[in-house]
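Starting off, we have a lone chain in the form predicted on its own, written out as C-alpha cells.
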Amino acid sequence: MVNRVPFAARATAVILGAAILFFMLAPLAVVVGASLTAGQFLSFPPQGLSLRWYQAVLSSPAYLSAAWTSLQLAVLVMVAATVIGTPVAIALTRHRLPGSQIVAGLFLSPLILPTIIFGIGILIFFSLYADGPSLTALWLGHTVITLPYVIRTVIAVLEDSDPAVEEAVRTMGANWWQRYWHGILPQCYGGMAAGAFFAFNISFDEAVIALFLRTPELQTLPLKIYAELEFSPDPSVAAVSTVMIAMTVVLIVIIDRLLGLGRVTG
C-alpha cells in the first residue's frame, strides 16, 4: 500500500513533518541553550557554558515561593478536575440523561471560550460575592478550564472499552455501585491518568487567569517569569523554563512507564 503512494507525495509529507518538528523543537532548544550561558544577558547562542543561572534560580526565595505556589495549585486542580470530571464523563457515556448534549456542551465550553473572558468574569464574580482574588478563586478558575480535558479523555477511553466487562459484573448480581466500582471505574484509569496529567500541566503553566486573580502574596511561577521578562530579563528565566520542560518530560516518562502512552492517549 505504501509503495502505491507517489514519490512526490511521500517526499512532501516527509518535508512537512520535518518542518513541523523543527518549529516545535527549535524554540525549546533555544531556551535550553540560553539557560546555559555564562553571560549576564539572555542571548542565543550562549556566551560560554555555565550552570550559574540554575544555581541562581534554586537559591532565589522568590522563584522557589512561586514554584511552590504553582505546585500546590496544580495538585489541587488535578485532584478536583479528576474527581469531578470522571463521574461527568461516565454519566454522559453510560446514561441517557435529559439535556445531556446541553450539559456536555456546558462542561466542554472552556475549550472554545477565550480564557481572558473567563478570567475577567471570575474576577468580577469573586469581587462582588466573595473576598476578591485569592487562591480559592484561582483554584476554581483553573479547575473549570481543565475539566474538559479530563472529561474528553475519560469519554474517549469509555467509548473504546469492552461493554462485556460491565455486563459480566451485572450478571454476577452486582448492584449499581458495585458495577460502577468494579466494572466501569477500572476501565477509566487510562483516561483519568491522561486527564490528570493535562490538568496538572495546564494549571502549572496557566498565566492568563492567574494574572487576573493574583494578589501581592499570591504569585505563580509563570507570572514570576513574566515579571522578570518585563522588568529585568536575564538568563534565569531560561533556566526556570528549562526546569519546567524537564518536569514535563519526567511526567510523560512516568505515565509511559506506569500506563503506556499509547493506552493513555487512546
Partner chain sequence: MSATSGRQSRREAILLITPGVALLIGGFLFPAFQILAMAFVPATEDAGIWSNFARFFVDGYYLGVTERTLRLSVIITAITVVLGFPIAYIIARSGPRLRLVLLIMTILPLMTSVVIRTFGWVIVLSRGGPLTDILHAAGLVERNFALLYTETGIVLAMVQVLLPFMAITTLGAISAIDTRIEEAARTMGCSFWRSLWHVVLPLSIPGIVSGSLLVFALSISSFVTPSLVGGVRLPVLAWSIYQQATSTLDWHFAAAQSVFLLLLVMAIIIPYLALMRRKNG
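The shown structure was predicted, so the numbers you read here are calculated from the model rather than taken from an experiment. Think of the rigid core as the biggest set of C-alphas that the two forms share within 1.5 Å after superposition. Residue numbers count along the first chain shown, from 1.
Omitted here: the form predicted together with the partner chain. The next part is about that form.
A.B. asks: Can you tell me whether N201 touches the partner chain? I mean in the predicted complex, with a 4.5 angstroms heavy atom cut-off.
C.D. replies: Output for N201 is yes: heavy atoms within 4.5 Å of the partner chain.
A.B. asks: Any of the heavy atoms of G173 lying within 4.5 Å of the partner chain in the predicted complex?
C.D. replies: Output for G173 is no: heavy atoms all beyond 4.5 Å of the partner chain.
A.B. asks: Considering non-hydrogen atoms and a 4.5 Å limit, does the partner chain approach L147 in the predicted complex?
C.D. replies: Residue-level check for L147: yes, a contact with the partner chain.
A.B. asks: According to a 4.5 angstroms non-hydrogen atom cut-off, is T143 in contact with the partner chain in the predicted complex?
C.D. replies: Looking in the predicted complex, residue contacts with the partner chain include T143, since a heavy atom lies within 4.5 Å.
A.B. asks: Quick check: do R94, L113 and V237 each get a heavy atom within 4.5 Å of the partner chain in the predicted complex?
C.D. replies: Per the other structure, all of R94, L113 and V237 touch the partner chain.
A.B. asks: Which residue, A62, L218, L229, A56, has a heavy atom that falls within 4.5 Å of the partner chain in the predicted complex?
C.D. replies: Answer to the contact question: L229.
A.B. asks: Using a 4.5 Å heavy atom cutoff, which residues in 186 to 219 contact the partner chain in the predicted complex? It's fine if the answer is none.
C.D. replies: Contacting residues: F198, N201, D205, A207, V208, L211, F212, R214.
A.B. asks: After superposition on the rigid core, does the Cα atom of L251 shift by at least 2 Å between this form and the one not shown?
C.D. replies: Yes, the C-alpha moves 2 Å or more.
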